[in-house]
Every structure is written in structure tokens, then in C-alpha cells.
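In the form predicted on its own, a lone chain appears below as C-alpha cells.
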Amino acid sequence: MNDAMGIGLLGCGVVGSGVARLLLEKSDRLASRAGRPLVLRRVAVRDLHKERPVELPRSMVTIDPIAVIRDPDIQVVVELIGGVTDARQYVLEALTAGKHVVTANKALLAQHGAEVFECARKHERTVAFEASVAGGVPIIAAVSQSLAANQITSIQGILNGTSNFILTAMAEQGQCYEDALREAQKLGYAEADPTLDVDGGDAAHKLAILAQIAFGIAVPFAAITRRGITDLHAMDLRFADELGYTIKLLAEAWLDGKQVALHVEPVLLRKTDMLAQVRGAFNAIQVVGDVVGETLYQGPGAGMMPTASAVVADLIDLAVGRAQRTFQSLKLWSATNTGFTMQSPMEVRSRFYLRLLVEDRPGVLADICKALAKEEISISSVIQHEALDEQEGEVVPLVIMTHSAPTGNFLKALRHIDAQKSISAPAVYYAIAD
């Protein structure tokens, strides 16, 4: 075999421990597939005395990330510390020092991808990041390599396992959001502070990376329309079910001519849709190419060993030399003009689910229909559950399914509807992925 590839690990939390375990316990298998030994030489941690699920030689562990980066026996630095500020510093230092970098840090790439990749090109190094989007699901390789003959036309993804676990519990067990979140935290699927998962931020970071690979556009995080699941009511899951749909937090990108539309939000999917059947903490991504048609990738999107699997796969690719060739050819986050631009969210066309709490009296439905018609929005179906008694003026839920319309027109109609005196609460709406 050729000379060993020395590896330095920054961070030894959940994923870092999994990577270390693979490198230490499966060294013969990995060496066989990489063509040379993959040797873990040093590990930087915050706390030397913290117990970890992997046993590391004391001489290997340090609290100094720079010492790892500057070690002459290390050719690849694996960044798994999370966050953005420190991670950015260490990744740039590693590239400048002539090291290749493997990272699972989606926030870093989404916010500083151009800077990181330009630094890598300047120093003729490679950044590999398969683990940054869907954990153990090899979506980066699929889009960038396996589907290279295609122009990607759309991406629909369940990219956050925490949110999908919560929505599954709400839909199948009838739990409220708060109870489902507590269960997710108890099982280790959700952090103590789950904000980035449930507000769509995590999925938006991942979508920005996929948009760069599929369409060559650098998307500012703030430019991605984003709604989370914290306000999702069990009532809407129930009504969606009655109509033959389920609700999933989707990260979506689709091509309309030369414009790319992006959003992360709860969306109604028909129960027969493949993504609608993805349960629990799993991730799934449906990618449509103009040559291959529809493809689907599914698997565990987080966790120690699934994510470690993707990280170590990148290490093998670096050892073999595949990652370097792919990095050079893709020219990600470069000034290359693909001709694609971002579409205004207001121009995106969709069908919509609209749920209102209205007074049960004559003329209310006519006023709502008038507001929709004024913005040229036609109605596909209406469901109004009967009042509990015959008393006029009782508040009842009204569900309207629209035909396709520009989002801007729909939101304008909503402002008029919400202003009507017969509406007792702000309108609730979600896009329909038909």
C-alpha cells in the first residue's frame, strides 16, 4: 500500500466520536478501500476530561486546534466542531496550511461557501462535504456526480429529521406540537434548544448547498423563504388527512425557465407521494433531472454513525484522489455564471390550503370568495364542518383548496380576508405540492 494519509479531527462530539471509532476500529477495511491506511493522528476537543463513546489514546488528544492543523504528519483536517465563527477560522487556517478539509458544517458552507472554496482553490486543496446535507444519505455525490448528465429541474427534500419526527408523531399519534417535541428531545432527536430545526433554518442551510450544486447559484440564507412547524395546529393535520394529504416540512427548489425558486415550509403532499410516506427522523430527497426523470434518496439524516459514514466516505475519496478531481471540475461557489437567477417568492405559483375560523352566518363564504376572485384566485374545493348547534354566529372552521395562483396574489387576498369582521383569527395557509 501507499503511504498512510494522516487525519486530524477537530471536535469529538457525537459525530466526531463516530468518525474516530470508524477510523480506529475498521482500519483494515478502510485501508483496503482507500488503497492506503487512513490514520487518525490527533484530535482537538474542548474538554480533555469529558467521557466519550470512543476510547482515544491520551497522547492523541489536545485542546489546541491549531496544533492539529499545523501537524506536518496530517494531510486532512476533519472539521466537526459546528457553529460558524470558530469553524470558519480553522477551516481557512487548514486550507492555508496546505491541508484538505472534510466538513459536515452546513451553516458554514451556506454562509461562507464562496470564501472557503476560493481559499481552497488558491492553495490547491479540496473541501469535501457529503455529510453536510443529509447525514448518511449520499445526496451530494448523487447530484454532483451520478446525475452529472442532467440539468436538475427540481429538488424536494425532507432535510430535517427532528421536524419530520415531530410531524409524524402529530399526524399518527394525535400529539400536540409541544408533546411531540418533548418526545423528540427525550429520544435524542431534538436538541435542548431545537430552534434551528423547527424553524426551518437547518433545512434552509442544506437547501442553499443543494442549490449551489444543482444550479450554480450562491443563495444568501436570508433570501430563502422560510416557515417552520412551531405554529402548526393538529386541526390542520386532521383536515389535510380528510382531504387525502399529509403535511411535511419540505425544502424545495425548482427551475422555471432561467429562474430558480427556493423555499422551506410546511407543504401538503398527497398521501400516495413517496415523500409523504417518509416517517420518523428519516431524511428523503426527490431529485428530478431532465434526462433521468424522478429519483429518490432516503435514509438516516443524522446521528453518530450515519453521519460518520459520510465523513469517512469523503476521506476515502480523498485518499483515492476522486475528491480532488471532482472538486476541480465542479467549480462550486465560483464566479462562473450559469445563467440562472433567483425567482421572486411572490411570483412562485402554487395551489394553496387555506383554513379560516369564521362566523357561521349567511354571506360569509361569499365575502371570502369575492376577496379571492378579486386577485384572480379560483377555488378547487370548500369544506365547512357543521356547527355544534344551530346558534347563528358560532365560529366554525372553513377549509378552502385553491387552484394554482401566484403567491403574491394569494397573500394580497389573505390581507383582505383577515380584515373581514366575520374572521375570528388570522388565516392559516400552506402550499400544496401537486
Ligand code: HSE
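The first residue of the sequence shown is number 1, and the count goes up from there. We call the rigid core the largest set of C-alpha positions that still match within 1.5 Å between the two forms. Because the structure is a prediction, the values reported are computed rather than measured.
Just so it is clear, the following notes concern the form predicted in complex with the ligand, a form of the same protein that is not shown.
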{"item": "Contact residue in the predicted bound form, chosen from 286, 162, 75, 144 - any heavy atom within 4.5 Å of the ligand", "value": "162"}
{"item": "Touches the ligand in the predicted bound form: residue 202 (any heavy atom, 4.5 Å)", "value": "yes"}
{"item": "Exercise: residue 191 in contact with the ligand in the predicted bound form, heavy atom 4.5 Å", "value": "yes"}
{"item": "Proximity of residue 157 to the ligand in the predicted bound form, heavy atoms at 4.5 Å", "value": "no"}
{"item": "Heavy atom of residue 263 within 4.5 Å of the ligand in the predicted bound form", "value": "no"}
{"item": "Candidate site 106, 197 and 206: all three near the ligand in the predicted bound form by heavy atom within 4.5 Å", "value": "yes"}
{"item": "Stretch in contact in the predicted bound form with the ligand, which is absent here, among 252 to 260, 340 to 348, 300 to 308, 236 to 244 (heavy atoms within 4.5 Å)", "value": "300 to 308"}
{"item": "Core-aligned C-alpha movement of residue 232 between this form and the one not shown, 2 Å or more", "value": "no"}
{"item": "Flag for residue 181, CA shift 2 Å or larger between this form and the one not shown after aligning core", "value": "yes"}
{"item": "Relative Cα spacing, residue 187 and residue 103, in the predicted bound form - shift of 3 Å or more", "value": "closer"}
{"item": "Pair residue 44/residue 191, Cα separation in the predicted bound form versus the displayed form, closer or farther by 3 angstroms or more", "value": "closer"}
